[in-house]
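For reference, the chain that follows is the form predicted alone, supplied as structure tokens.
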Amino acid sequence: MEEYSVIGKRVPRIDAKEKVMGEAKYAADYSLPGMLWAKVARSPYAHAKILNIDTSKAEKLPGVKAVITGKDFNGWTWGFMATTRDESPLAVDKVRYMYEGVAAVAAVDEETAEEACSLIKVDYEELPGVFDPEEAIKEGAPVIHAYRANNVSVEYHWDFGDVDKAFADSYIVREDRFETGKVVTGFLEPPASLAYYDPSGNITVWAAKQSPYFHYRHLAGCFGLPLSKIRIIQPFIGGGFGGTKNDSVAGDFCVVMLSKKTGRPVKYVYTMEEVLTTCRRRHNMIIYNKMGMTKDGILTAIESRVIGNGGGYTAIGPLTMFLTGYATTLPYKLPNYRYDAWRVFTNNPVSAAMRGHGFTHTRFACDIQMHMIAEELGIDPVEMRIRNAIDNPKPADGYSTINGIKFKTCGLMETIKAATEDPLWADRDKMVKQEGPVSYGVGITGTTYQGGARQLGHQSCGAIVRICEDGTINLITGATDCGQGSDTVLAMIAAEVLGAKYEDISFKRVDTAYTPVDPGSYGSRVTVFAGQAVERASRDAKRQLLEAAGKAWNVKPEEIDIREGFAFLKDKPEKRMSFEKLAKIASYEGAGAVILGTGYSSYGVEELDFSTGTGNGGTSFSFTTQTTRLGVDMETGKIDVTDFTIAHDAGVPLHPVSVEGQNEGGAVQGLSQAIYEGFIMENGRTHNSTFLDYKMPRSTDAPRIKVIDIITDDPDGPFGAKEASEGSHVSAPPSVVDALHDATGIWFKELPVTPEKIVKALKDAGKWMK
């Protein structure tokens, strides 16, 4: 691998100083003169007709400037596909989940807006609700949307190979029911939006959005304006993870409509209770998984029947259900595969994308089931993984799964080797197995996640590199850093390609009026797509600099290179000048010039076919083997996870600090969803709507984590990069559950595995220690 000047170095993050000094401004930190505050009035019912809304008392309250209802949006709705745009900013004739917005108020302060909301009188006719997806698809269940009389918002039925014959020929076939948890993104910064609809008909918004160009398009559609009149200014983002910040939500539209009505800026900041009761959350799914194998532990077939709890609207559900099914053919060789999936409307908050989008459900089921069969066959689980693992293909040949997923690098075998040679796994038999009531176990898993994700519609990212006359550089893209460190990585790519110093790169945050369009920060795509755009824009700017240097030295541009802040003759390196001097020459010589590099990404990612389950959802795949050590109190069920080892193939780690941090963060979030997190719901009501009751691990609950980089130098990522973080997020739950089995002898198939579930299982198995 080539020795780079900047790539692969542990440089400080480009945003570190502003964040550490408390100078970084987030959406809720912005204010404008004359600004009003918004609040949303919400339904007390999970399913009800709206018979009448009386806003007269609210409008008369001193300090109230405007009140709106769903009818103000004139029937506009949004959603992922043209056929599933079923959600309006505020409910119009019916509410479909508890606390759905029905009206909104703009007032001089938050307290007045909140009081006005309490004065809005809504007449409802309560309807019977349905909250369990398996109940919702039964005949006679309450209908949530008239356009889907069976409550099925999305369904897929795919068949590859000859599944029935494969099961008939298998030595062993196992069927199990798995269920994943009801969880939310858990960011610390709540959604916030400040909007101004000016008299000229331009909309300017400061919003906490990890994909601001989604919102830009939604606002243009909602208010019937050309995109050129929509301006989203991107503040710093305090965590995203998909869900609410990857989409628009009621408050985002209400502030714009209220600004339009009042002629004043309007701001809305969600409370954390609103986030936990109304915002997008991960799909809770039931997976009926069937797996066949030969006597030697070779996979013959998998059949997955998946039922997703979709909540009240479709949102991005079609893509979720696609991803849940299409990558089950990875990371192990699978010759026969069947997938039947139903995403079901229920009277719960809307389910949508979240970190590890789609993969977390079936990968959990398949990985645990593989280990169950290994146990039944008496085959070492590591040996079984090796026998089935996809090898690293020659890049020119690539690898294609039975459903047509193509990729050029796979470090799975190397991750298995690295993780199992690590002392956490290699020395597991030497470790203490029992200490008082605490039983210890070590688990292992092997998973995958895609990078460079695409979905429907626009996919390309753009970048502009402007060389300032003093040799410093403005880097301008439409890509959003939502905390993952992508600004740093993009600046490193620019510095590497230009031959400039990293500290001379100045990154400009997204402003849709000035920055090139970018689809958004989701699906581990920023480094790949925006990275390619930056690489190309930097090469364009460098070409212009080399031409200027060639004129100055009277040589051909190709005889010159630029590295580490100096231009020099390749065959006479002592002939050199600083980047600053070169920039001045390029800008001032003759009539003068403006050095501006432009580029955009153009990976030819094959479009997804939702009806057949084929296509390529991204440019490449990461591969992860993770081991976990934990202790379980056999009396109380309390779990203490002490160690993770994560061997991760992220291609070439461009910024090792960020790769390690993302892997650690993804794994801890996965740990959280394995044993801590879960909404407690009753008839659509969320009972644990604070972070005191909605359990997430504290820093003291995080285990020791070792990250081992497996480098595969993928040709489809800038400088060989692939995704980092979502793979470790997907691998953590099955690894933890596998370790729980090692400690207790019990397989747990429903997440989260709480102490209550453990004690009950121990009692049922006669293993409970009093």
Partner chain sequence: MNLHCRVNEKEYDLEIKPHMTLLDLLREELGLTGAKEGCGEGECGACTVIMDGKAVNACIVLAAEAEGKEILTIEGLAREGTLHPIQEAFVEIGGLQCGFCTPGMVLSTKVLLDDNPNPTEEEIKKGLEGNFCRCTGYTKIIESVKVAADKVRG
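Quantities reported herein were computed from a predicted structural model and do not represent experimental measurements. Numbering follows the first chain given and starts at 1.
The protein also exists as the form predicted in complex with its partner chain; that form is not presented, and the subsequent description refers to it.
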- [ ] Counting only non-hydrogen atoms, choose the one of 218-226, 547-555, 684-692, 421-429 that falls within 4.5 Å of its partner chain in the predicted complex.
- [x] 684-692
Open item on the list: Check residue 669 for me: does it contact its partner chain in the predicted complex (non-hydrogen atoms, 4.5 angstroms)?
Closed with: yes
Open item on the list: Even though the partner isn't displayed, in the predicted complex is residue 189 close enough to its partner chain, meaning a heavy atom within 4.5 Å?
Closed with: yes
- [ ] Classify residue 233 as contacting or not contacting its partner chain in the predicted complex by the rule of any non-hydrogen atom within 4.5 angstroms, answering yes or no.
- [x] no
Open item on the list: Whether residue 697 contacts its partner chain in the predicted complex should be assessed with a 4.5 Å heavy atom distance threshold; does it?
Closed with: yes
Open item on the list: For the three residues 50, 130 and 680, which mark the spot I'm curious about, does each lie within 4.5 Å of its partner chain in the predicted complex through at least one heavy atom?
Closed with: no
Task: Answer option from 398, 615, 239, 79, heavy atom within 4.5 Å of its partner chain in the predicted complex - done: 239
TODO: Report the residue, out of 84, 329, 185, 170, that has at least one non-hydrogen atom within 4.5 angstroms of its partner chain in the predicted complex.
DONE: 185
Task: Stretch 86-110: residues contacting its partner chain in the predicted complex, 4.5 Å heavy atom cut-off - done: 109
